[in-house]
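Quick setup: one chain, the form predicted alone, written in structure tokens, and binding and motion questions come after.
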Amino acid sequence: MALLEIDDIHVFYDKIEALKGVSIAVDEKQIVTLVGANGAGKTTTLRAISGILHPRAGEIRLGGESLADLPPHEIAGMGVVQVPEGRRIFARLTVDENLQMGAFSRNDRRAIAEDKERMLALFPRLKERLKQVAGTLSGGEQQMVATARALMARPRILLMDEPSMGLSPVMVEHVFETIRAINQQGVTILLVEQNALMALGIADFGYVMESGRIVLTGRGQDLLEDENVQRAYLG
């Protein structure tokens, strides 16, 4: 049984069907990626998993337990934690306060302190900026804050929505190296990305989305070598 199972979900915005029978599986400790053009349905899929949107049909399960109709805070409490598109950090709070917010539902103080030190080891630049207001950081640094904040919740699965958006090529490389390092620490990751080359390069398994449907599936490396994927997404 996969950790996360999405079975034939249909999601609508009013009368417009955005997801048309999407099925995805994410095994524990995997990196699975959804790639596709803008408007393909990638972010909508993450919103459905997080409970922001509720499918009209189909099923979403975490560890075999249905997430149907649960509110977002309960789903987050079950260990589904998202790093949102555009980072959406608490811009007026310090870096340290953002990390504390990631652990707001926890009361194990010693473990929280240990996790914070682990985050600062994973993102050394944040250690130098703990007391800095997060909104004054660079885009790459804000992405570090958003990721570290999510990890402070000790997720069972980490949902990452376009983590490389708007970043310099050097910072994009760093982001994907960090995603790999997080996964090697045992964190399961579902990654949504327009940068198909980088995403499929680190993914155990990938799904290609077009117009609300899954059109190709396979191991990340196999999809990288697929002529259709190369033509559509890799130039």
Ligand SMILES: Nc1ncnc2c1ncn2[C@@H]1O[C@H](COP(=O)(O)OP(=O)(O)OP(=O)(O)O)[C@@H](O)[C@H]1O
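Values in this document were obtained by computation on a predicted structure and should not be read as measured data. For every residue, the number given is its place in the sequence shown, counted from 1.
Here the subject shifts to the form predicted in complex with this ligand, a form of this protein not shown in this document.
The closest heavy atom approach of residue 162 to this ligand in the predicted complex falls within 4.5 Å.
When contacts are judged by a 4.5 Å heavy atom cut-off, residue 201 does not count as touching this ligand in the predicted complex. Shown alone here, residue 185 lies farther than 4.5 Å from this ligand in the predicted complex, counting heavy atoms only. At the 4.5 Å threshold, heavy atoms of residue 63 stay clear of this ligand in the predicted complex, well away from it.
Using a 4.5 angstroms heavy atom cutoff to this ligand in the predicted complex, all of 18, 38 and 41 count as contacting.
Note on the interface: of 64-72, 166-174, 43-51, 23-31, the segment with non-hydrogen atoms within 4.5 angstroms of this ligand in the predicted complex is 43-51.
Of the residues 128, 97, 85, 117, just one reaches this ligand in the predicted complex with a heavy atom at 4.5 Å or closer; this is 85.
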